[in-house]
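Take a look at this one chain, the form predicted on its own, written out in structure tokens.
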């Protein structure tokens, strides 16, 4: 595996050629290894009938804004020579939703796309994060519910096998579970929204405070927060069926229908939410014991495509290629 990142290089004695924070050069050894990851994923996706789509690096800001269902991701913006605002893509799913709705207007049947593109996001200083994120993933349009969810989870499992990450696991939940749990406790809309934001940030103490301020008794606060922190196998969904309602039943049916080898990768997370508000059902993250952050993730976003034209159910996922590479380097790849 290639060595550690070197963000700067010495040109002459006493002179340093700087790169912007969050940027780096990729040198030949690492470039070959990153290319091998992308090639293995490309082969996996195309073997499953997915075709490559390449979207523009720059899009009109007002077009991308149609896909914003909550808070927009941080992005880089500039003005073109006609005075129109342009935006460097900060997410790959929204542009592909635009493609599905507009370029395939009137198309019957599923659409299966794969992509390997860079997304660009400003990062806070001193966090050591990259502002250029190489993502490779797939989007499935036009297949509803459990059938589409199982297909995507199966593709994820095959992808992990193809890149040798046998220790990786899938944290699987549903974007509706946390709201179902919170509303079942009787809290109001504002508390649900605030708790959802805190859950995205992993701030469970803040959730306890919010629930206490909403008038819940201490034992009820403990019960609700305990549910939101619960992880385990699929039996959790049956054990808490009353609290999880229809979303829990749908997630259980999805997981029960997976191939045994794929199901073995699943860890159910009742409080899992992701940082993008367009998710409407299944959500999941790919985790590896060698790293403290997910390698990628995805989920279902049935309410997004119709904002650009033809309405279609949709589900997909992406892996961050640099994080996959680090998992191979630090955790080993089979």
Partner chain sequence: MSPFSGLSFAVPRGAMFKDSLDLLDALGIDTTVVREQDRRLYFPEIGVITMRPSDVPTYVESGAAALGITGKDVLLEQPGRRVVELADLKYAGARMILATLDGVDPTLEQQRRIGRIRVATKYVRVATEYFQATGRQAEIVEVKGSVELAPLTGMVDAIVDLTATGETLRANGLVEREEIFSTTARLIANPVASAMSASVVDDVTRRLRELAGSAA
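Residue numbers count along the first chain shown, from 1. Values in this document were obtained by computation on a predicted structure and should not be read as measured data.
The same protein also has a form predicted in complex with its partner chain, omitted here; what follows describes it.
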Location of its partner chain contact in the model of the complex, chosen stretch of 180 to 188, 242 to 250, 134 to 142, 166 to 174 [non-hydrogen atom, 4.5 Å]: 166 to 174
Looking at 233, 256, 222, 213 here, can you tell me which has any non-hydrogen atom within 4.5 angstroms of its partner chain in the model of the complex? 222
Every residue in 49, 107 and 112 with a non-hydrogen atom within 4.5 Å of its partner chain in the model of the complex? no
Taking heavy atoms and a 4.5 Å cut-off, does residue 293 contact its partner chain in the model of the complex? yes
I'd like to know whether residue 147 contacts its partner chain in the model of the complex, with contact meaning heavy atoms within 4.5 angstroms. no
Should residue 283 be classed as touching its partner chain in the model of the complex when contacts are defined as heavy atoms within 4.5 Å? no
Is there any non-hydrogen atom of residue 202 lying within 4.5 Å of its partner chain in the model of the complex? yes
